[in-house]
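Read on for two forms of one protein chain; each stands alone as structure tokens, with the labels structure 1 and structure 2.
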Structure 1
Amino acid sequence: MEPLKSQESPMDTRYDQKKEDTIYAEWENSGYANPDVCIKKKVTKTAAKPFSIVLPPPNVTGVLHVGHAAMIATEDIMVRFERMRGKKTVWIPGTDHAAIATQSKVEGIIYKKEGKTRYDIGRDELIRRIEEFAKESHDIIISQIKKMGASIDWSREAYTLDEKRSLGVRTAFKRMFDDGLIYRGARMVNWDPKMQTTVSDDEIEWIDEKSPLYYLKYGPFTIATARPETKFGDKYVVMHPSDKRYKEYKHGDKIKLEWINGPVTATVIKDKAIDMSFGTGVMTITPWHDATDMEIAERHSLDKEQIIDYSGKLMGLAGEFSGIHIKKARPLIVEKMKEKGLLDHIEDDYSHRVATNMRGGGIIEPQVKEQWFVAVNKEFKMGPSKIKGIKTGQKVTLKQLMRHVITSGEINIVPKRFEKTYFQWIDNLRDWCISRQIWYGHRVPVWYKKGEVNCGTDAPKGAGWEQDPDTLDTWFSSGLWTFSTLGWPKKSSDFETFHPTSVLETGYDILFFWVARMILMSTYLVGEVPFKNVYLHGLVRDAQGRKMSKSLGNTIDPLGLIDTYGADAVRLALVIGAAPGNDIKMSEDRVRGYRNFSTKVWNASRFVLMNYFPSKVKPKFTKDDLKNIKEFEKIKKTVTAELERFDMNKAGDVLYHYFWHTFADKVIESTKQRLKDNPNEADRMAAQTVLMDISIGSLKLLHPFMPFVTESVWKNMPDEVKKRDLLMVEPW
């Protein structure tokens, strides 16, 4: 018998990543990302187990960064894996209006171009411009998500500020208002004088700063402060009851002394909150402008006076300094105290942390202000409950619900060590300030008329009603994301099928911002957890392990890398080596290395196809053939098990090393002689069969990780080895 010779491969000699847009278009046109289409085309059974996941919605403030790319790659691996397993799989996309961040961005653009503020152009015009900016940004973001190869169901796309989600927000607010869980009251909040709005505790970014520490003479005491401009109203001197240095002073003692603008009578307060090791161990307090001072004042029923206004200027209590911005006033105040002999000494380069608004960049000034809050410690009667251990009608608090679903195991956090972090945050959780004094976002659904207050999902009928001007914290609307995207508050088959979602994948840095808020909203509003698993990925850092930032000039553009090396190489570089919850170092060299792996997959597959000939001859396997088949079966089980436990890093690493160092370097090399000029067709068919079976299996296993190159290879595979037209729905 004439020996079979290698044939021309149907594959190009090189993989061309420029064709990736065409491949993505084929996926989109197939409709397979939509579970309804999969059922209709019978690639998924009607009774199949569901798998659902929501895309953490990127902010409509700009382009995707490398952190987003890591998130998309990780989630797409989960989704493609479960879809190929035959589950009724949906990945719901969307974007977040990100109220503060978006308004801040647009206001900055307007001021830079026109020299105008929001007050110059008015609320309606500002919102119009923001919406225009958001639409442009949205379109860019969507195209970038597609570049990453995300097999998302775009027919279910949502936006946190669209009408369906807005109805959800109004419904949630009213229900919480009616249950007494949302209230309006005067409490200390984080105030940003720059943006003229409150900021949640979770949106505070602490910046390390060095500044002078001033030691001031306060009667017989010396106090230390970095902010002398807040000291005008200080009339309480506080010390620890156990501090032996001040044992001669009793709680409530009155002391007359000279202060910034003249004589005052100070009252001695003994309180255990004082840090005896800081400064001289004695301090004066400014309750209106400091949370710790406020707590001391509340415990002892002390007076509270506002010294700084909402624009960051000193008020009447500051006397001659009234109306001066605190930055300009500070050196003037220090100079006056020096003249009066009240300045003891100055300690230079005092290191301390300053609170800033991470969205707008302004320095936070604590203020007591009327705002809307969610009460996390107030008991209410639980509505219809599907939560294990929580009964319908049971009295419970939001904080208890948030803790219970983790301790009971209803929600599994990966990696588990973050449970401790979660509980620490829950234990210290204060009532959530949800109102913002910005114009973009969900308007508070409360109306006023002559002392009447009306809260509803729609404006009250009749003339004279005025809506509350405040908007809601962005996290209020994004807290509804798992169920508002599935049709809630209206009845929906999507909600019945896909909620709770199977897993929430997000960065560990927003465990508090978002994950906890979603748990709060879902357990209260729909009586079940929002997701069964939380997978937390780490931060993407530069090659030196530094956090990426524009100021360091070390940011990496994922789209530029995709254009050069292909999406698959970028995906692998972001996933392999990134253990759950751990940060990963990213560099172009790393991506280049995985581009070589894409080439290896392409070339190995090309070799297999060049040596594939359909034949009815029964293959005669050698011991090595059977060993290779058995080894690959073990690889399949290992990869599947790792993906089931959400360890994409291990699964990808196992596949990478197996394909390159075992299949390509050993199995293929060991069969080359048997494929070349071999008159024994049964032996040749055995070698050919082993190669084809492992090649097909490897393409399936690799597809979730590197969908473009595997789908490109699959198009060239013989029809007799395929069950489906596209690899994305080929059985796992």
Structure 2
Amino acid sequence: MEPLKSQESPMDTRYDQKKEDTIYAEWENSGYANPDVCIKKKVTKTAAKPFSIVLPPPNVTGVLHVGHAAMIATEDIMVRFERMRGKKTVWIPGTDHAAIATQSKVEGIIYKKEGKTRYDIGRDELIRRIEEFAKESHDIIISQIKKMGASIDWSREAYTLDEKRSLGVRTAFKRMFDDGLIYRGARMVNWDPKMQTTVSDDEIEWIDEKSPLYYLKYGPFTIATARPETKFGDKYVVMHPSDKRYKEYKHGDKIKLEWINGPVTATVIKDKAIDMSFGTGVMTITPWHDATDMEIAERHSLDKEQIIDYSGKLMGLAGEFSGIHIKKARPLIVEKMKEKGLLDHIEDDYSHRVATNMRGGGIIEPQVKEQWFVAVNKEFKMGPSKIKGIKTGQKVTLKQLMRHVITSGEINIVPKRFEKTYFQWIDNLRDWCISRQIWYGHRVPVWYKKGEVNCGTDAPKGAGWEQDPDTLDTWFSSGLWTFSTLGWPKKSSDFETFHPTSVLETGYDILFFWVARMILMSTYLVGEVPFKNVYLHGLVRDAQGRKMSKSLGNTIDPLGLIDTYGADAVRLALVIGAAPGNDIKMSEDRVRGYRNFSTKVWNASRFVLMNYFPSKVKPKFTKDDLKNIKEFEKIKKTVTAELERFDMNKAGDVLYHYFWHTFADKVIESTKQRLKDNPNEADRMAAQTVLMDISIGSLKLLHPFMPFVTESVWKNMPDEVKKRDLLMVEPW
């Protein structure tokens, strides 16, 4: 056998990142991300076990950030690993219409460019514009997901607002409506006067604020308030029943006193909700605009009056101040009180928290309003159930279902500590307000006609029906994601094969928003858990450890890093050293380090190839050869075991060190002598065989972590070691 001359080496000393797009195209064209193709091409057995995972759909509000990149890297590792192991593997992509966030964004753009509001351009036109924006955003996101190397099944792509998913939403709504779990009621809601919509409890962000605390003279009492502009209608004065300072006042006493706009009659109310140590221990209440006040008012059947309208302006009750926005009204009112001698004193530097709409909206004003709710504490008869410990026909509440599947262990949360967080949230959960007064999203499938109400998946027959103008909370549709993407409510083999999904991988920040809602929807609607495992990754933070967010503008562009260091390096930097549930601080140094590792993998393989000369001579292995092979086998076992328990971090770390500091530094070095001018052909063959075998094995193990370099190296490997055309589907 004529040895190759080393200068004819087929490979450069550097792996060429520019070829990543070409490699991705090969994967895509192969169709191997689609389990049906894998079966057809006999890469996967028909009877193979399924492995399924849904991609948490990115919002179509912009571009991918590093957090998405971490998520894609982690999931792709799981998916590639399971596919290579021969499982019937599917990873389902999609995007989320993110109703309020997207509309808010587009409204902002329109207002900036044209100075027009949504009311100026109208419902249909606004939706058209949003769809246009969403489409662009979608295309960018998809191309970014591909850049990361995601071996995702594009043939199954879904959108939370597409036709199939919309049917799912209407079906879900109707089922819940018919079961009495969805109801319409006037309740206290979080109203955003800026976006003109309600917001769920979970979408509120509390911001610390310092503001003056005003002490006002209310007849014989002094009351403290941070919001004097809400006090016009106050006609109840509340104190703790066992507060000795006010024992002379009895519950129900009427007191005539002079107030902002003239004399009023105040009624004394005794209620234990009062904190005696706060201020003077006395307060007046504004039930319409405060949840605590509302509860007190409900307990004693007190009057409730609206003082602030939905755009944030004072109403008739405010007398001379009516029509003025609360922000402008405050100083005027304080001034008037001062003149009337109603202002006792002002305490500066009082810190409290203000509720804001985290989706780019304004300051929340609690309001009482008719809305649609999901009743989480109402009993219903469970439909066909495959959930362990829940029987078909059993009486349960949604809250009980959500709790049960975690306590029973049917869903396993990694890391475990988040179970506690989850339970805490469930225990505090109130009925879920699902209606929004924005226009982009799933319209509430309820129609009205002269007092008649009809809920259905389609508009009722006959003329004169008018559909409810409200749209649904975006999480209502994403809650269906694990099964709506598999074809539900229609029967489908995808659903039969892949539900419940194997694992849900997402950031811990949307445990409540999304994970909990999927559990609610899936257990109720399909009688199954949505997934068997929940793997929560940490948040990728900036240099100061702050959460990266579009609104803060501190996002790192993962594409920039991919351009300079390659996708594999970025993937490794985001996965290795990141323990589940712990935050990841992104630094370019780390990426550079892993880029060097990519080069190492490239060059070590190159060396092995340069010394690979097939021959008929039987290799004669030395003791060290056998030891080296044995050591690799051990690494293989460890990596497999770690990946099985979703410890990508550990598996990656082990591989990294093995490949670099054992295989490259020790094994390769120790064979150099034997490969060069060795008269003992059997010994040389042994050396080259050991190197080739370990290389092949290592490339397979490394592939889920760094698919581009490994696939690229694989192309140069001799055909006789390959079982398939792409490393992507080589047997593990």
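Here, residue number means position along structure 1's sequence, counting from 1. Rigid core here is just the name for the largest C-alpha set that superposes within 1.5 Å across the two forms. From a predicted model like this one, the values you see are computed outputs, not experimental measurements.
Working note: structure 2 is the copy from the form predicted together with the RNA; the remaining copy is not. In the core-superposed comparison between the two structures, W475 has its Cα shifted by less than 2 Å. If you fit the rigid core between the two structures, you'll see the Cα of K336 move by 2 angstroms or more. Core-superposed comparison between the two structures: CA of D208 displaced by 2 Å or more. We note a C-alpha movement of 3.1 Å at S301 between the two structures, with the rigid core held in register. Once the core of the two forms is superposed, the Cα of G281 has moved 4.3 Å between the two structures.
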